[in-house]
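Two versions of one and the same chain are coming, encoded as structure tokens; call them structure 1 and structure 2.
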Structure 1
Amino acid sequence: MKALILVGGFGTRLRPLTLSKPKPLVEFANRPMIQHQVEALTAAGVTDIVLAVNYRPEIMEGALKEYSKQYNVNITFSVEQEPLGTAGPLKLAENVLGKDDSPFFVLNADVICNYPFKEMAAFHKAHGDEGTIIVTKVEEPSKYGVVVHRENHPSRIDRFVEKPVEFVGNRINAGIYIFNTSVLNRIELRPTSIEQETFPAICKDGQLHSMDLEGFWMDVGQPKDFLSGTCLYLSSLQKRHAKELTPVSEPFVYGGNVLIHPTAKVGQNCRIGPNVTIGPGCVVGDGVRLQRCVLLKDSKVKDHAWVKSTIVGWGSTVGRWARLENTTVLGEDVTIGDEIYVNGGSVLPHKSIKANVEVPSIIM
């Protein structure tokens, strides 16, 4: 089997982190986001993975070579000279996706879930039609494009309703698909949308089905959702692989769901959790309070700092008695001074903050 991962461009939604690394290489739960997907795809029998990119693929080549060896999979780049939307990249990668008759997966690089690729392949084979999309249930469907099924059919999709004013259903497109190679005949090599052009055409022919996603789902392309997705992932880890989490018996763990890299150091009298990820080489001082936050590699949080709903970038430092909250994001190599308050600040790399940031803003 084959797969296409829609990576896209610069990753502006996850600034300031993507000023230092391409979005797929930003660590999510201490592993690059792309690694979660490559591992799940290969576990389902995928032998060829194409990354559809339109921004500096050479930055990712080294990491992807490692994954190619580690997971015994062919990984190639399909580079767009102009952004081709969500359908055009399928046509551009036709030489790989259409090289044999086996179906292929398509997924967005920002999506985190318990990727059910094996179950998808079995479901797709069972109904025998052209396409299957994963759908997830949401509480507020009015924000999304909602899937409407054909009458008296549990999975065949009739149409999509974008941001419905009246309730028509609560299942939305989760950004993970599997198609027969025949779908490539429907797509032209031009900027085009899989959601607005390809799906309606397949629906019209009665060839598109949905499969419900079990468990959590999140598009982690924005800092707020990155943090929410981390909480969901850690909760899922607690149920499936609890041994990977720091035991709640540790005196500093408060509320559980704490993931700490073995090389990180934690000081005395800390209170950490719930929903905290601490990356390799991080140093947490004495009396630190961490909650619902992510510390990326080699970052430091000094004594008695209070960090909540924050992403601390690689090699950054949070000063003594500092307080960070309200979806604050520190880029690479940022220094927050002692006793500084940051409320929803988005701080670009290599900056030093010596005055309070009381109103959410971008610090350049």
Structure 2
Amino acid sequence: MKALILVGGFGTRLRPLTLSKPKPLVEFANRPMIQHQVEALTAAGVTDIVLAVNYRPEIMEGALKEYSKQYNVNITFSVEQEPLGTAGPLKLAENVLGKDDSPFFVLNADVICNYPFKEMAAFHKAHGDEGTIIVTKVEEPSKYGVVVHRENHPSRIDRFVEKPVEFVGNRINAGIYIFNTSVLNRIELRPTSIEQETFPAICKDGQLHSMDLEGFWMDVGQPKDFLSGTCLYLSSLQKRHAKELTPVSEPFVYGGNVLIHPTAKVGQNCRIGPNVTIGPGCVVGDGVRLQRCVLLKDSKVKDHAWVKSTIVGWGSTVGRWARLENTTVLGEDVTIGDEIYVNGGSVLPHKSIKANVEVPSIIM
């Protein structure tokens, strides 16, 4: 089977992290986003993966070569000269996606869940129509694509409404699809949106179905959702593979859902958790309090710092007695001075912060 991942552009909403790395390589729960997807696709029997990108593929090539070996899968880049939207890239990759008659998967690069690829393939085959999209229920559907079903039909979609202004329903597009190759005939090679153009056309012919997702789901393309997604992922790990988490018997683990890389160091008398991930090479000092936060590779939190709802970028340092909260995001190689308070700061790479940030703001 084949798959295409819509990797897209600059990941502006995940700045300042994406100033250092493309979004798919930002580590989610200590592994690059894209690794979660490649692993799940190959586990379901996918042999060819196309990464649809429109900028600087060379930054990703090294990592992807490694996954290609590790998961025994062909990974190719399909590079757009101009951004082709969410449907154009499928046409551009027609030579791979259409190389045989088997259906292919498409995923948005920023969605995290327990990807149900095997179940999808079986469901798709059973109804026999052109496309299946995964849907999930959310309370605030306006920032997503919403599906409305045909009357008296549990799965056939009647209408697809992208970013609805008025409430039409709360089952939203989770950004994970499987299509028959015939869908490629519906798409032209130009900038075009799968949500605005392709889905409405398939719906009109009664050929698009939805499958409900089991368990958690999150689009982690912005910092607030990245943190929420981390909490959901860790809770799910706790239920499915609790062994991968740091044991609650560790004296510093508080409230569970803590994932600490084996090469990270934690000092004395810390209280860590719930919902914390600590990457490789990180150093946490003594008496540190961490909750609902992400420490990326090689970052440091010094003694007695208090860090909540924060992402600490690669190689950054948080000073002693510092206090960080309210979706603060430190880019790569940032230094927060001792005793500094940061409230919702978004700090660009290589900055050194010596004065309090009292209100949410971007520090450049």
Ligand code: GDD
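Counting starts at 1 with the first residue of structure 1 and goes up one by one along its sequence. Since we're looking at a predicted model, the values are computed, not measured. Rigid core: the largest C-alpha set superposing within 1.5 Å between the two forms.
**Q** Where's the form predicted together with this ligand, in 1 or in 2?
**A** Structure 2 is the matching one, since it is the form predicted together with this ligand.
**Q** Under a superposition restricted to the rigid core, does residue 169 display a Cα displacement of 2 angstroms or more between structures 1 and 2?
**A** After core superposition, the displacement of the residue 169 C-alpha between structures 1 and 2 reaches the 2 Å mark, so yes.
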